[in-house]
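Shown next as structure tokens: one chain only, the form predicted alone.
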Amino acid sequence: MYVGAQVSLYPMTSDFVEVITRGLDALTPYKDDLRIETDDMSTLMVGAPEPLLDAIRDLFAAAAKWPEHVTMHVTLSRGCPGEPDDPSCHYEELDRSDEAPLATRQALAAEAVGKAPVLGVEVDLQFSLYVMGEGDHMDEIWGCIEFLKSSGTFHKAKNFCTRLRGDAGPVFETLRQAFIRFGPGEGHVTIDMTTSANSPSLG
């Protein structure tokens, strides 16, 4: 299994270097658990979904503590057949998620969101889930949407994506649960996500 993300941060301020640096500094606690590579386009993070989503959350939360508008784009992928297996990506929940009934996985996902930490950073997030390969992929996507609507972070449905709103802790936990609970555990699943904080259009 190979699990990773390409992450790009976009601060809407002339002090963008400092905002990006602060965000990257928030990744320091995760360097033992993730492979992290930053270039001029994005930051690659490879590892298990637990530290991976925590690191993405903390990067954005650190940047969003500035008053200026900031956005982040993330492409998440697990189980891509074109990538090599990586032992650091092993995650027990993925080993059995496709064996559990959909309703069980929805309940486990909702429980995890309910236990998420509150970080004091309000975010808006929209994402699309893509279950690759053959099989009943639409059943998995509809099952994910049902979970999202009852997650407590659901804001609204949009064309081709779902929008979440709330504290960064529960919102990013909702994203993690969508990523690990829906679609076959050993299959190829991707998420395309954009998140925003401090947007002047919400004022």
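Note that the structure is predicted; figures quoted are calculated from it, not measured. Numbers for residues come from their place in the sequence shown, where the first is 1.
Not on display, but discussed next: the form predicted together with another copy of the chain.
A.B. asks: Check whether Thr13 has any heavy atom within 4.5 Å of a heavy atom of another copy of the chain in the predicted bound form, and answer yes or no.
C.D. replies: So Thr13 counts as contacting another copy of the chain.
A.B. asks: If we define contact as a non-hydrogen atom of the residue within 4.5 angstroms of the partner, is Pro117 a contact of another copy of the chain in the predicted bound form?
C.D. replies: Flag for Pro117 set to no.
A.B. asks: Quick one: is Asp40 in contact with another copy of the chain in the predicted bound form, heavy atoms, 4.5 Å cut-off?
C.D. replies: Because a heavy atom of Asp40 falls inside 4.5 Å of another copy of the chain in the predicted bound form, the answer is yes.
A.B. asks: Given that another copy of the chain is not shown alongside this chain, does Ser77 nevertheless sit within 4.5 Å of it in the predicted bound form, heavy atom to heavy atom?
C.D. replies: The answer is yes: Ser77 has a heavy atom within 4.5 Å of another copy of the chain.
A.B. asks: Each of Thr21, Pro51 and Gln177 having a non-hydrogen atom within 4.5 Å of another copy of the chain in the predicted bound form: is that the case here?
C.D. replies: No, none of Thr21, Pro51 and Gln177 comes within 4.5 Å of another copy of the chain in the predicted bound form.
A.B. asks: Heavy atoms within 4.5 Å of another copy of the chain in the predicted bound form: which stretch in 146-154, 26-34, 42-50, 169-177 meets that?
C.D. replies: Of the stretches listed, the one contacting the partner is 42-50.
A.B. asks: What are the residues of 54-68, in order along the chain, with a heavy atom within 4.5 Å of another copy of the chain in the predicted bound form?
C.D. replies: Read in sequence order, no residue approaches another copy of the chain (within 4.5 Å, in the predicted bound form).
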